[in-house]
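Consider the single chain below, provided in structure tokens and representing the form predicted on its own.
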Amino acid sequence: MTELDPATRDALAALILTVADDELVIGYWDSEWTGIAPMLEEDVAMSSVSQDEIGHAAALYAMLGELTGRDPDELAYAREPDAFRHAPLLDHPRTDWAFTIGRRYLYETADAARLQALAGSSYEPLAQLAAKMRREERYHLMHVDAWLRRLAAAGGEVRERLVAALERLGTDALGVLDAPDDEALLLSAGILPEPMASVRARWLERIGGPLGELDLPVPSGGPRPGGRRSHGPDFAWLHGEMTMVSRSEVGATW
């Protein structure tokens, strides 16, 4: 594509940052299951999924670094908590296994819809990376779908916990597909092939079938006030955990 004007470049940078922050934060939250997952196989599986997410974040931060001249490691680990742009869905702590599966299902399905759109971007580096991420994320979707069905069919307290998680998280999940800053610029440049409102509508239609089949809550309402710019104490704690090593010796090369 032709060289980007400064305003379009800044809008693209903000878009990449939101996706990168989403991937980094959910990767760190779910990496907490390492060693305490319900069974050994899930120790390995959730660790692998989390590593994939953090790897995707690293690739996105590297792309952002090339676009803006900023250091990818500083983008990931040197910002203060209120500078992160992840969706409100990812502000909640790990909680229990049903909560994690409910959130992971909502995030993975929304992210799949977003990656499908970004794979058609006119910004070739983003389109190529989104296509690569889609191939890898397909296995995440298969894994979490199997667990969602397993927990839904379990009945009793297990199912009740899953239902409660989906009810609690539904509104926040809509925020994954909020329109980015300066969406009109991104649409006119073809960086976004379609409005995020259309992507969100397609996502809701896609998950409505499986969730309806299992008699589970489907997200509704509107994203919470504050969006991606308002984070609470739970993320402040996670931020301290994930930046602990980098803050131990500022400026070091790891």
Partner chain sequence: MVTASVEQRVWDALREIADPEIPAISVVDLGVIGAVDVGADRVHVDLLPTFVGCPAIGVMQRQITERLTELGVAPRVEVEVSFDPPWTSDRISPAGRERLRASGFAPPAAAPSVSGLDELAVLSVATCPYCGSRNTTLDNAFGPTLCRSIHHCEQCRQPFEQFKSL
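Note that the structure is a prediction, hence the values are computed from the model and not measured. Positions refer to the first chain, counted from 1.
One more form of this protein exists, namely the form predicted in complex with its partner chain; it is left out here, but the text below deals with it.
Of the candidates 59, 218, 187, 201, 59 is the one whose heavy atoms come within 4.5 Å of its partner chain in the predicted complex; the others do not. Proximity to its partner chain in the predicted complex, defined as a heavy atom within 4.5 Å, singles out one entry of 37, 45, 64, 196, which is 45. For the chain shown alone, residue 159 is not a contact residue for its partner chain in the predicted complex, no non-hydrogen atom being within 4.5 angstroms. For the chain shown alone, residue 94 is not a contact residue for its partner chain in the predicted complex, no non-hydrogen atom being within 4.5 angstroms. Using a 4.5 Å cutoff between non-hydrogen atoms, residue 32 does not count as a contact of its partner chain in the predicted complex. Among heavy atoms of residue 112, some come within 4.5 Å of its partner chain in the predicted complex. Residues placing heavy atoms within 4.5 Å of its partner chain in the predicted complex fall in a single listed stretch, namely 124-132, out of 124-132, 70-78, 169-177, 151-159. Contacts with its partner chain in the predicted complex, taken as any heavy atom within 4.5 Å, map within 19-54 to 41, 44, 45, 48, 49, 51, 52.
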